[in-house]
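Provided below as structure tokens are two forms of one protein chain, presented individually as structure 1 and structure 2.
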Structure 1
């Protein structure tokens, strides 16, 4: 099904109306917002043909999953964005895919989002004070996409602080596994943000970029800075997690070393002594030492010397 979103000035709210037939008259009621999120493949084809969209662009627009990109052609521009649709960074299920195909008069959107709260925000929510134009709608959607990351990243910062404290005090396998999962999610998010950051960096720095015909420099810079900041944050969080993993390994190695030291010293001192005791615990009939008057005491002294000798050797070798 194809929907049309429109702002009803009387109710001062946004309404949506189902479209059963695509007529060229629709094009006259500018600005027009067509929502293909729930359209069938056929309906998509119809719209693409009616608006004479170039096949490469149409193909990208109708794909369920495409990395963020921007492409302009004749009247229409295609902007594909990806929002963060999970509650936090413990698991990455799927991005919210936001495909926008727009000219000055028409916006065709296709939003795929499994998180209801974000899905609502990606629907039209303009208040009366704001210009009711296609470009304003695109701007609001872009800001909603960048906003879908920020809150979660900021609250992840606290999570990370706590992780650091825990890991440095006493880490465990659970924490380790969750850190690995965070790293994996942040890597994927970082890649999505890199693409989006690059889109707006190009728009700012390239001469005569199509987007700079649509938005003011201030707006483009704002989009860029928002995605750049998100990208730089995921970069840093990822790196901090990596540092933690490395630091944890280093601490663990040190502890193994300490334990090894204790074990080796105790073993090296007592194992030979225990052997000696075992020798004089044998039941041979003819063991002359056993009947020596001081045999026991001499043995104890010998054991003492062996023990102290081992200790001295360890001290000499700087083991403690």
Structure 2
């Protein structure tokens, strides 16, 4: 069952009525809040038809997964935001989807969030103060969405510093895998923040944008700057992780090259020795050297000088 939350000035408390009791008289008790987070599809359609919501906006509002966007019709505006609901950036399960359909006197919200504490914050604060308006609710929810990223990004800054120190001291494949997971999560977060930043950037710079009719330019600039800062932070952290990944790959490649250099030098020394051993291992009867009494020892001495000479040449070239 869907309930309408409204403030009763006589009782000075917030009251509830069933959505079927939404009348013009009740709409005079603005602001009103309808929470469709637990509503069925039929109930959602009932509300959309009752308030004459345009089909395209109604379809976007009722979707469980939709990228952040803003759209307006004559009476209602649709604002879809995405908050960050995971504990940290080690993995990304799904975003907190916040769908807001609002007019001057009615707010309809649909919040899909798997994190209980954030889900509580993504509800309008029903108070008796003078700022208890639909636009203040939308402003509060927008700031809550931006705040869901900020605290975790600030905590990740310290974690990233420790990760960088570990990589410089003793990098390994496990840390490399952690950095790749972080990069993947930050890329998804960055995409969500870019959408939301662009929503408020358009509202600031477009002439007669619908959002500018709801919020002051100061509020829009505040929203934009918050999401722009978050977007810049994710860009910076992603670049730092990329530098660490490239640094680890470069170090690993250098270590491999050093090992290959040693193997190459060993191969270079033993190739002529193997050639000599191959020549004198052919067992032809007419080989002149077979008649030398000290041929075996002479060949060993030659092979020894070849090996030592190769090592001396490598040392002279500073190859080891």
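What we label the rigid core is the largest C-alpha set whose atoms superpose within 1.5 Å from one form to the other. Numbering follows the first chain given and starts at 1. Being a predicted model, the structure only gives us computed values, none of them experimental.
Source of structure 1: the form predicted together with another copy of the chain. With the core held fixed between structure 1 and structure 2, residue 300 has its Cα displaced by at least 2 Å. Per-residue C-alpha deviation between structure 1 and structure 2, core superposed: residue 281, 14.8 Å.
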